[in-house]
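Here we start with a single chain on its own, the form predicted alone, put down as structure tokens.
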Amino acid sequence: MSSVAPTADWVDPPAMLRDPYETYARLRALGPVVRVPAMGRYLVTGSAACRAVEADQATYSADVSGGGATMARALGAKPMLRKDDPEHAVERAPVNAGLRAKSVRAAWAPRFEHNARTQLDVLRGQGPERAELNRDYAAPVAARNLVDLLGLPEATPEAMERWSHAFIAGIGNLHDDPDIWARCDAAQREVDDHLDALLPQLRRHPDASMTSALVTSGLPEPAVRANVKLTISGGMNEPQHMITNMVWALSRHPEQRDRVLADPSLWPVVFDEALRWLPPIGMYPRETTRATVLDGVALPGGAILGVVIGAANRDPAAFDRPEHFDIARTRRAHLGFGSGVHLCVGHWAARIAIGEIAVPRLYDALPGLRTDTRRDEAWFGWVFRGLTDLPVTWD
């Protein structure tokens, strides 16, 4: 038996930019799959339904057409994340080996450590009355790490941050804002200018970078360029927001902060629970290739879906007390990095760079680190969500 998807004609996308979690709870109460006319798509909010989508590429394609193809528009071409196997696997294969846990620890952890310590000096220099964690530490650390991983020696951290924000805004530009597209186009041109000089050099003299792995793999150059831009978007956004999210969560749960400070082996657990509770990537699209039934809900062929990680990670059917941040909860797989063949290729780099290095070093260097409630903080987004301003102080 199947049912028609309930319709939520009350969803207010601008309100979701401020805080989507009340909307997610209301959508889940209607069912695991809900039609949202304001977005021209079905939102998949149940954990089991989201996993079912990722387990069946043949029915739920990443190659999204029409209005769902904002990623290809933002990046100038379709990257691996908007392709199904075997094309997806071909483009992902060159970077897989270099981003496994052992490879990241050997090749990149020393650079991550250097970048964190360099930026800690900047944060400390601002002082406990003026420091803002996103501006002074999280974004620059993520940008420096990404410059190294991609091997873009002429790119500054400031440029990397600007490009990433432009691409992220474009990927989430469901309402076709022309100003956002103009920023994306400018970022594409700047990145392509760097690649024009770099790619011939890497063909002659390969190195350990992700760009080198892509360009020496034999992939067509448009695919190389699209996947470099894809890495700039996700490789900056998720690590940056995970730094601020972890500090924000621990500041509001001081007993859990004290526990991890007494037992640093818990830092990976803190990272994982913060990723479940406050995933920086909130939604990504899929498209049905045929009429089907998803978790009891009938869907037509050609339906555009939004796989809503932010809702699925707080599904009461999957997690006990899901609205609570709790590092003592029984570990259970969530969707913070996606799942299936499209599991985030950089998940080990993020876990190590942020969960084992950038955030622990903050607390080592700045005793009493906490958010500064005397100054305003700011959140934004739901397709991609994070703190844009997080004032911090310390003793």
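One rule holds for the numbers: they count along the sequence shown, beginning at 1. Keep in mind that what you see is a predicted model, and the values were worked out from it rather than measured. Note that the rigid core is defined as the largest set of C-alphas that superpose within 1.5 Å between two forms.
Beyond the structure shown, there is the form predicted in complex with a small molecule, which is absent from this document and is the topic of what follows.
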Self-check item: Every residue of 230, 242 and 280 near the small molecule in the predicted complex, heavy atom within 4.5 Å
Solution: yes
Exercise. Just give me the single entry in 225, 78, 286, 276 that has a non-hydrogen atom within 4.5 angstroms of the small molecule in the predicted complex.
Key: 286
Quiz item: Quick one: of 247, 166, 308, 210, which gets a non-hydrogen atom within 4.5 angstroms of the small molecule in the predicted complex?
Solution: 210
Quiz item: Thinking of the small molecule in the predicted complex, which stretch from 192 to 200, 117 to 125, 177 to 185, 230 to 238 has heavy atoms inside 4.5 Å of it?
Solution: 230 to 238
Quiz item: Does the 4.5 Å heavy atom contact test between residue 337 and the small molecule in the predicted complex come out positive?
Solution: yes
Quiz item: Would residue 149 sit within 4.5 Å of the small molecule in the predicted complex, counting heavy atoms only?
Solution: yes
Quiz item: Is the gap between residue 341 and the small molecule in the predicted complex 4.5 Å or less for some heavy atom pair?
Solution: yes
Exercise. Using the partner position in the predicted complex, report whether residue 31 sits within 4.5 Å of the small molecule, counting heavy atoms only.
Key: no
Quiz item: Would you say residue 75 moves its Cα by 2 Å or more between the shown form and the other one, aligning on the core?
Solution: yes
